[in-house]
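Coming up is one lone chain in structure tokens, specifically the form predicted on its own.
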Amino acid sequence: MTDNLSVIKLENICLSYSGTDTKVLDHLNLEINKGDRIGLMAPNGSGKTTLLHTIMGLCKPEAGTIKIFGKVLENEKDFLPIRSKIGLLFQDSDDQLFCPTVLDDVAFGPLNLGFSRQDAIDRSRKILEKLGIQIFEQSITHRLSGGQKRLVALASVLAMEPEVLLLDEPTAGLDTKVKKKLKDILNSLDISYFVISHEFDFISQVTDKVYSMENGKILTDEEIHIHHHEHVHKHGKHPHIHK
């Protein structure tokens, strides 16, 4: 891929747990190009969420280069303008939702982009309808179920009309019907996205390639093979990875 197609590029990123020498990310390399739809499956504690936070400038690496939209980003000032172009769905929706009502939460982003109050509300209602949760627009956000909060958080991200999506376990707390809706929405988007999920069926239906992480490094789909097979063991009905 040529550089003009590169959206996010991480080179030799190193980051350790606070106060320790244990590396979460160890000379990690990752490139997301325009039009890429990449999935990431890896065990808990492997650094997946830290990776997303590093891309957004929420975690500062000790070494390596972060290049987004062709520009090297080094400090908080550099990251500020790109956060309106990259939509991050947090693993815990409560970290993302803080306004009194659902409509307020979804409209918050567009308002901060400079949209008028009415335009922000119109855009937010359109997204809520697309996700099938317009009935909740006046609901108090913190009283919603986990799955409902998940959809509201996604709506707040999509309302910003980002150029790239970073999704951390987007299906957590969703029932089968809503997962299908989310799958259809992702497949309809004409933007790049990088999605973390433990659910093989979901991730295989919304991405073109699947990566994993091991020892602080990315393993590409040329290096791993995630597949269905028949065997018997405890908890075998749950999606999982075999090496």
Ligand SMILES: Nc1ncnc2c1ncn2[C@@H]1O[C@H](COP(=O)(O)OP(=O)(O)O)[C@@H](O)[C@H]1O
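Residue numbers run from 1 along the displayed sequence. Not measured: the values here are computed from a predicted model.
The protein also exists as the form predicted together with the named molecule; that form is not presented, and the subsequent description refers to it.
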{"query": "In the model of the complex, residue 43 touching the named molecule (heavy atom, 4.5 Å)", "finding": "yes"}
{"query": "Interface membership of residue 50, the named molecule in the model of the complex, 4.5 Å heavy atom rule", "finding": "yes"}
{"query": "Contact label in the model of the complex: residue 10 to the named molecule, heavy atom within 4.5 Å", "finding": "no"}
